[in-house]
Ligand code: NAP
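Only one chain comes next, encoded as structure tokens, the form predicted alone.
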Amino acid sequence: MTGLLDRHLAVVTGSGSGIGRAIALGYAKQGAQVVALDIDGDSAAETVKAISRSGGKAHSFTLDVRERDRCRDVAAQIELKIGQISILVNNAGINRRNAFTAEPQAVITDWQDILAINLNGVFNVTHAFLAQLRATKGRIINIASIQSFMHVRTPNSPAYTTSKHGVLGFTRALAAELGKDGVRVNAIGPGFIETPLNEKVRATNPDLVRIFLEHTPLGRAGKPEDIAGPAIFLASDLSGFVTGSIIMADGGYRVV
């Protein structure tokens, strides 16, 4: 099935690589015009080039989601130069693996940085595009995690777990409030996905990978493309009566 996102304008944060890039490419293949946002403007531009090579239409902007005023500025530029968006994917995020009992300053820095990007960043971007999404009766897709429900038993920052619990709570709160405006708000909960975000850990800590895979019924790590399918579904009219939900794309991690 193709053309599921014809006539849509989609913004994807953190789309310079990994899950964000896969979603941006998937949206373009389904007919959406895409705006790639990333703190690394060059990587966002590379995503645009990949879309253009496949015959799609895309644009890119450099954006640090921690900067609330910049989020509003970019939203205004997109509306003026390209049009009102109808799909927003809040994907930008970071993780660190310091335990709460690690060196105190590292723990404090992790908390501040991770919450600023993973949770405050979702707020900043969504608030900046809210008027456009209400006008277009749009849809918002937030990238949550298996850690929206649990703190996984591999080394992991409690700040990351906290941030992803917050993303799911934010998703549900907005779904309840914006439903009357025709705006649908959902989340995707990836499991262990092979991305640049965890490339170093995968290369240096095979025991961590093994723990994840032994706990995953499908017996493999996910690929960024495994998240694109659920993101297309939630952005399309196929999910027209779905809001306030989370689709788990974790290989079955949470069932065992």
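Just count from 1 along the sequence shown to find any residue number. Quick caveat, the model's predicted, so the values are computed rather than measured.
A second form of this protein, the form predicted together with the ligand, is not displayed here; the remarks below concern that form.
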query: With the partner left out of view, is Y160 within 4.5 angstroms of the ligand in the predicted complex by any non-hydrogen atom?
result: yes
query: Is T243 close enough to touch the ligand in the predicted complex, meaning at least one heavy atom pair within 4.5 Å?
result: no
- prompt: Could you tell me if G93 has a non-hydrogen atom within 4.5 Å of the ligand in the predicted complex?
  reply: yes
- request: Evaluate G56 for contact with the ligand in the predicted complex, applying a 4.5 angstroms cut-off between non-hydrogen atoms, and reply yes or no.
  value: no
- request: Using heavy atoms only and a 4.5 Å cut-off, decide whether all three of D64, I143 and K164 touch the ligand in the predicted complex.
  value: yes
message: Quick check for you: of 85 to 93, 99 to 107, 132 to 140, 174 to 182, which stretch puts a non-hydrogen atom within 4.5 Å of the ligand in the predicted complex?
response: 85 to 93
query: From the list T216, Q33, S60, N198, which entry has a heavy atom within 4.5 Å of the ligand in the predicted complex?
result: N198
- line: As a check of understanding, the residue in I117, A128, L168, V152 with any heavy atom within 4.5 Å of the ligand in the predicted complex should be identified as I117
query: Using a 4.5 Å cut-off on heavy atoms, which residues of 15 to 39 contact the ligand in the predicted complex?
result: G16, S17, G18, I19, G20, D38, I39
